[in-house]
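First comes one chain, alone, set out as structure tokens in the form predicted alone.
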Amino acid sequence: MSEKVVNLEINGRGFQAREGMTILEVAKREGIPIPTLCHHDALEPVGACRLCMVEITHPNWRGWKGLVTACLYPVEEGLQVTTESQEIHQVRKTILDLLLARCPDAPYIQKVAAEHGVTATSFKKNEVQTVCILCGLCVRVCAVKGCNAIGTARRGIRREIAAPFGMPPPDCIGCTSCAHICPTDAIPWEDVNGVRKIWDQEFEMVRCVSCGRPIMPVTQLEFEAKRAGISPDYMTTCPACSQQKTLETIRTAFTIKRPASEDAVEAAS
């Protein structure tokens, strides 16, 4: 059964898209910029940051138009989308103004805010120093991975990303997925002398059996191997050494050897 294709307009240009795609997916495919903070292609969208707001209307809506989050709104036949307007720009400026008040020292937020004309917040600055914008990416990726080691705690202005009861999370495997997906580098971690430190915990690292480089925490190795249903021994070689071994195998497999009969004739002569 073939997929249904719908026709829509973005900024006055016509496009075709697969039914079920979101406005953001189509815009990214076509190279049309829409700013986001809480979106990642590896995760389901939630529309938490609201920065991807766009304007939509339709010929059948009798002039009605409204603002929606591009990451959540599905395309439909005849939909007309505007990604840039004075109203949209003002909404994004307000959101970034608020984020700059929450995280005035976050370089990434400063950069994105400046791109939208906000160089200083008009609100009272947060007295608690933080660079966390509460986008929730870290919590979501941890849940998708199957660990659920961290979550959101408290409400209102005291809301934060934290481990249960503020203690080192027992379900954390030290994979650093949360830290790597964070847009503002709000989750500190480091690898020192074969030990990874994150969320107030220390994880012993597995070393490559070939070169001795640290690969991943022992806890992560055991978790990944169990989930994949394979022996942990299959994961004790670092990517660089694995690639080198693969190349060596390919070279060996494609090495052309002369037949033994040719060697014998050459020796006799």
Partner chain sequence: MRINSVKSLTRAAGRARGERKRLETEVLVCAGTGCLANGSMDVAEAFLGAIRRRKLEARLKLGFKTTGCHGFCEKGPLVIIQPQGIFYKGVKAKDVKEIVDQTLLKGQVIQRLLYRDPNTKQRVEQYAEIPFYSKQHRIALRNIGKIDPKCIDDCLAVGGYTGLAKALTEMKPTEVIDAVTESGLRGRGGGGFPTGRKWKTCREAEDPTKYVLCNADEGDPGAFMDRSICEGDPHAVLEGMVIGAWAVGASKGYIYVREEYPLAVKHLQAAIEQARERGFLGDDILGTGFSYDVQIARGGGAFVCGESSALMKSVAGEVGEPRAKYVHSVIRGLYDKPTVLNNVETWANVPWIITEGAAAFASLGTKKSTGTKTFSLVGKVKNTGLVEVPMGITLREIIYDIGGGIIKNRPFKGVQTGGPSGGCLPEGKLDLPVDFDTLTEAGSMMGSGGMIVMDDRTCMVDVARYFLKFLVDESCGKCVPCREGVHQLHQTVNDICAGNGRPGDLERIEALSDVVVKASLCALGKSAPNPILSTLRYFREEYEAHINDRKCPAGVCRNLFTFRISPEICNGCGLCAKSCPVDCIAGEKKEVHVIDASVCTRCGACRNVCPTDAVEVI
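Since the model is a prediction, treat every value here as computed from it, not as a measurement. Positions refer to the first chain, counted from 1.
Although not depicted, the form predicted together with the partner chain is the subject of the following passage.
A.B. asks: Considering the partner chain in the model of the complex, find the one stretch among 28 to 36, 50 to 58, 227 to 235, 209 to 217 with heavy atoms no farther than 4.5 Å from it.
C.D. replies: Among the candidates, contact is made by 50 to 58.
A.B. asks: Answer for residue 159 alone: is it within 4.5 Å of the partner chain in the model of the complex, judged on heavy atom distances?
C.D. replies: Residue 159 belongs to the contact set for the partner chain.
A.B. asks: Might residue 78 be said to contact the partner chain in the model of the complex, defining contact as any heavy atom within 4.5 Å?
C.D. replies: No, residue 78 stays farther than 4.5 Å from the partner chain in the model of the complex.
A.B. asks: Using a 4.5 angstroms cut-off on non-hydrogen atoms, would residue 73 count as touching the partner chain in the model of the complex?
C.D. replies: It does: once the partner chain is placed as it appears in the model of the complex, residue 73 has a heavy atom within 4.5 Å of it.
A.B. asks: May I ask you to state whether residue 189 is within 4.5 Å of the partner chain in the model of the complex, using heavy atom distances?
C.D. replies: Residue 189: no contact with the partner chain in the model of the complex.
A.B. asks: May I ask whether 68, 91 and 124 all come within 4.5 angstroms of the partner chain in the model of the complex, judged by heavy atoms?
C.D. replies: Judged in the model of the complex, 68, 91 and 124 all sit within 4.5 Å of the partner chain.
A.B. asks: Between the options 114, 144, 101, 195, which residue brings a heavy atom to within 4.5 Å of the partner chain in the model of the complex?
C.D. replies: Checking each option against the partner chain in the model of the complex, the one that comes within 4.5 Å is 101.
A.B. asks: Could you check which residue among 178, 133, 118, 172 gets a heavy atom within 4.5 Å of the partner chain in the model of the complex?
C.D. replies: In short, 133.
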